[in-house]
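Next up: a single chain in structure tokens, the form predicted alone.
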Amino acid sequence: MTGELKPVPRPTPETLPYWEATRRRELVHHRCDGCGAGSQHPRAVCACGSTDLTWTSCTGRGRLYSYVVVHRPEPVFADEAPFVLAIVELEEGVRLTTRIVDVPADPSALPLDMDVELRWIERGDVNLPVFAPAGPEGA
């Protein structure tokens, strides 16, 4: 770390249940009780128009959908470069932007559709969900 504190998300009323769950190291997503669609992004209204949304636990397993290797991040993250910024598709069908950890930031180590599993990074009193290649028991 360069001496600067790393930025952390600031919960809003819509995102507070998500961040309270991450504090318990539980990953959740919104599920529409009307149409069944899931969304990782907190919202008040589903695309179908329903306002009946429920926070639902995720298994923490998914697959690597897309990624980019970040070589020139914002200065506060320079000591972490290169790192992998990714979109992971969870078993529940929702996608989220996250980091891939515990693997080289090299395309040869990052096949698309690679099975991944949830890990956590602690930043102060905030837990951030990240993903790592799934172990043999999760593959």
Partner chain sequence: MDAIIIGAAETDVLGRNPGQSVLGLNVEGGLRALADAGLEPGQIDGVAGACSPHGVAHALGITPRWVDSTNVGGCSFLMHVRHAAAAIAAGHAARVLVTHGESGRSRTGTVPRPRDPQSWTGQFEEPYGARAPYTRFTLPALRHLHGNGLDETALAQVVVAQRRWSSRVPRAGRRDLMTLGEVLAAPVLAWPFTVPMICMLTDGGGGLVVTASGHATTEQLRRSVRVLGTGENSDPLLVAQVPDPAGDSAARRAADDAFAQARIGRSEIGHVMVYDAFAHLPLIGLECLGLAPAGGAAEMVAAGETSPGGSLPLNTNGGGLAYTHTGMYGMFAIQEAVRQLRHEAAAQVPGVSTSAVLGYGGMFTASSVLVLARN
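Every value quoted in this text rests on a predicted model; they were computed, and no experiment measured them. Residue numbers count along the first chain shown, from 1.
There is another form of the same protein, the form predicted in complex with the partner chain; it is not shown, and what comes next is about it.
Considering T51, T56, T59, S66, which brings a non-hydrogen atom within 4.5 Å of the partner chain in the model of the complex?
-> Here the answer is residue option S66.
Might L96 be said to contact the partner chain in the model of the complex, defining contact as any heavy atom within 4.5 Å?
-> L96: yes, in contact with the partner chain in the model of the complex.
Heavy atom of A86 within 4.5 Å of the partner chain in the model of the complex | Although the partner chain is absent here, A86 would touch it in the model of the complex, with heavy atoms inside 4.5 Å.
Would you check, heavy atoms only and a 4.5 Å threshold, whether V45 touches the partner chain in the model of the complex?
-> Looking in the model of the complex, residue contacts with the partner chain do not include V45, since no heavy atom lies within 4.5 Å.
So, in the model of the complex, is R24 in contact with the partner chain at a 4.5 angstroms heavy atom limit?
-> Judged by the heavy-atom cut-off of 4.5 Å, R24 is well away from the partner chain in the model of the complex.
Which residues in 7-30 have a heavy atom within 4.5 Å of the partner chain in the model of the complex?
-> Result: P7, V8, P9, R10, P11, T12, T15, Y18, W19.
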